[in-house]
Structures are given as structure tokens and as C-alpha cells.
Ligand code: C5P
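Take a look at this one chain, the form predicted on its own, written out in C-alpha cells.
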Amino acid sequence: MAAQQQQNIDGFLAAENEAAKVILETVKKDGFILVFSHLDADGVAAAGVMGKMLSRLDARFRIRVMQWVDEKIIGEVIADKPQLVILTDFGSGYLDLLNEKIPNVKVVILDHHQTTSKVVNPNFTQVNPHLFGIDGATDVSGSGVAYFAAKAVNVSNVDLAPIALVGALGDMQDKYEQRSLRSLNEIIVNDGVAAGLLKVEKDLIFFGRETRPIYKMLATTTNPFIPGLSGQETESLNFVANLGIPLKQGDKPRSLCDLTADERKRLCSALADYLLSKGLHLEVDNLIGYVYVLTKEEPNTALRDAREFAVVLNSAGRMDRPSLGIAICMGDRKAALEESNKILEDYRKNINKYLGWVAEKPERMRELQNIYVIYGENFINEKIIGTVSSIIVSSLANNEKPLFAFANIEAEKAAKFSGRTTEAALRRGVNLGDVMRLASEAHGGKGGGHNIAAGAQVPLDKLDAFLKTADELVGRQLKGEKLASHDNA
């Protein structure tokens, strides 16, 4: 098994070398390069990796971040006449469109989503872990695929390993024991550690370990969810104070990263005892996990902890300010970082507003036979629908029904769908990437993604038909049926 895994990795890295050759040849001829990337944390991180690599080569390039590629984007490519197009964190799902519209343009695809296209075009260089038997949902992200290409271009780009790691965590690839990263992601982690840019620790794994006062960190935790503390600031404050752990150092509130080893041990033991007293044995296992600290970043800032860094990038991309995220990935720690902190605050307010809105009326989240559906319609921003579905699906963790959420894009006369599934549904064979692709194509749309998370764009007048098909396809998967690529339920 280990030999096969190494063979898969070697094949993947050989494909990265081919992509690097195409990039270097274009730069050598002073060719203009257009980079397109996805707008989530992973896509923004991938764009940042590409931007830093190309600027170091003194290349002529432009970066655009977006939700998807369509004929309008292809029109821009034709008008700009680039010598090379690079697609990061998407692209494999658009091979047929690219082959139909711009077959003579040189294209490099650095993606990690499931692909079914049989297109073979000598102008297209595709690097995708799925082509080498590596799982793109858990073992390498889009920014990771971009990182290995950058490293193949020049080994000095190894200093971009932390950004690729941030992208992987933004894509929630820490699915292995104690929230660790494995396979190709582990190579990136090792590169970062060897370069002195990253420290990996085992610690309490609460979000906000660098930036939130200890009691606020407890009060805002949802993973693990702690009844009586989650959502309860006063109770959380009393819980910490009763352990004899000082809440402040002078005037400054203390965060988890400020605690001594003894204080952390005390806090961890007390939380474990508290959870056990509530009968929550499984949640105890979720208290401790792997934490990825970016050692060159300032302590007590959102960029120091890789998971918090990912939220900064996600908010920039989804609040229509991806250039801020790219600038931070490329090294800006002044104006861009300051502005992104304001954007992050607005992003959090929006998420809370949307979650409250969904909870307000039962008809906004409906249960079909095999799936749940959030009807975001014209209220939820289509760029934030994915974040909303990720948060809500975590409350359905033991449920075997996936969650579909959509928001209307009136200008396109389309609905943007974001699907998330649970570990329980995955174990029963649910693959949302296949469901989104097949159901959307059956109704004049486009979709795809990973087994655990996927998306689609569907015409508004086909909304109900799409949901009916998706519900049927998930039902068939839950019964153990594998969907063939020609299926449309």
C-alpha cells in the first residue's frame, strides 16, 4: 500500500514538473499570463501562491478571483489574448467548455476537485490529484496543487508552504486523527517546518486561540459544542475564573496562547470532566488536536494560527475583496491586513444575520426525503451561502442526510447551490460532487466538487426539478448504488 501511495505521489509531482515547464517557457518568451482562481480561502491562497511565484519571475500577469468560469470569462480570455491561462482551485470541471471555446490557447489547470472529462488537448496541462489516485477532498487542496507547481518552478518558493497550508485548512482538510493533515498536505507541513516558518503543536483546538480572550473563546466554540458554555459568556468567564486562571495580564485579556503549560493542563482537565459529567464522551476526544502556528507572524494576531488565517482569506474572497487576501498572501502586513480585519468583522456579522434568519422560520430549511434544503433565495448573499451551509451541517453531524443551500443570482436568472454532507452520509456512499454534476447537467446547469462538499449553478425556473433530481440521486447513493456518469436520475 505504501509503495502504491508513493507511486501516486511521484506521478502527481511529475505532472507538476510539466506544469512548471509550461509556465517557465511562457515567462522566458515574455508572454502575458492570465490567472483565474476561486473565491474561497483555498482559492485566494492559491492565487496568492501564483502571484508571488510569477512576481518573483518578473512575469507579466493578471489575477482574477471568481465563483466559476463561464462564457463571459472565456470572452475576456479571447479579448486579452494571453499566451497562457492558469486556473487554480477550479478548472477540471470546465475542460469541455475550454476545449470548445479556446482549444488553441495554452492552459494550465491546477485543481483538486473530482473530474470526469475525457478531453485530451496538447495545449492543456492538467494537474489534479484525482488523476493519480489521491483524494483531493482530504489530501491536497487547490493552493497545495499551486504550491507544488511553484516549488517545481523554483525550490526557493518553499517559503510559500504556510500559505498552501492555510488553504488546506480553509478547505477543512484536517480530517485525519486529531485534526491532522496527511499525504501531500503533510509534505507541505514538513516543508514549512524545515524552513522554520511553521510549528506544529498538540493543544486545545479551539478557534481564536491567538486572538480571543479565553472565556470568549469558550463562549464562541461550536466544535466542540459545550452545553452551558457555548453561547454563554458569563458562564464561560466564571468557569475559567474558578480554575484560578488569571483572565488578564496587566490590562490585556489573555488568550489560550498566553497560558502556561500548567494552566492549559488545568483548563483541559476541567473541560474534559465537565463534558463527561454531561455524558458527552465523544466530545472529549475533540478537545485536543494539531495546531499549526505560523512562526514568522506576530503573536496574538489572526495570521499566527493557520485556521484563523484561513478565515481572513475566506472573508476577503466572499465579501468581494479578494485582492486584499492575495496581497496578504504575497506579504502585505500593513494596509491590506488592516483593511481585511474590518472586512472580517462585517463577514462575521453577515453570517450571524443569515444563521438567525434561517432559524427564524421553519420553512427556510426544509427536509425532503433524502436531503435538507436551505431556501436562501434573495436574502442570503450567494458568495456566503457555502459558509452558511458548512456551519449548519455541523449541527446535523449525526444525520445521514446531506444539506443543500441556495441563493438566487437574479442577474444571471440562476440559483447558486452549495452542498455539504456529513461523515455518516459519506460512510453510506454519498458523493455530492457526482450528485451536483449530474442533477445540474440534467436541468441546464453546471456543477461538481468533492464527495463531502460541492456546488452548482442552476436556472431559477429549473430549481424545483433540480432539487427533485438531487433528492432522488442521494437516495440511490444511500441505498448503495454507484451513479454512472450518464445518469440523470
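Since the structure is predicted, the reported quantities are computational estimates derived from the model, not experimental observations. So that there is no doubt, residue numbering starts at 1 and follows the sequence shown.
Another form exists, predicted together with ligand C5P; not displayed. Remarks below refer to it.
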- prompt: Which single stretch, out of 172-180, 323-331, 199-207, 362-370, brings residue heavy atoms within 4.5 Å of ligand C5P in the predicted bound form?
  reply: 172-180
- prompt: Does the 4.5 Å heavy atom contact test between residue 452 and ligand C5P in the predicted bound form come out positive?
  reply: yes
- prompt: For residue 192, is any heavy atom within 4.5 Å of ligand C5P in the predicted bound form, or not?
  reply: no
task: Indicate whether ligand C5P has at least one heavy atom within 4.5 Å of a heavy atom of residue 456 in the predicted bound form.
output: yes
query: So in the predicted bound form, does residue 446 come within 4.5 Å of ligand C5P, heavy atom to heavy atom?
result: yes
- line: If we test each of 408, 232, 300, 390 for a heavy atom within 4.5 Å of ligand C5P in the predicted bound form, the one that passes is 390
field: Heavy atom within 4.5 Å of ligand C5P in the predicted bound form - the one residue of 304, 401, 106, 113 that qualifies
entry: 113
- request: Heavy atoms within 4.5 Å of ligand C5P in the predicted bound form is the criterion; list the residues of 39-53 that meet it.
  value: 40, 42
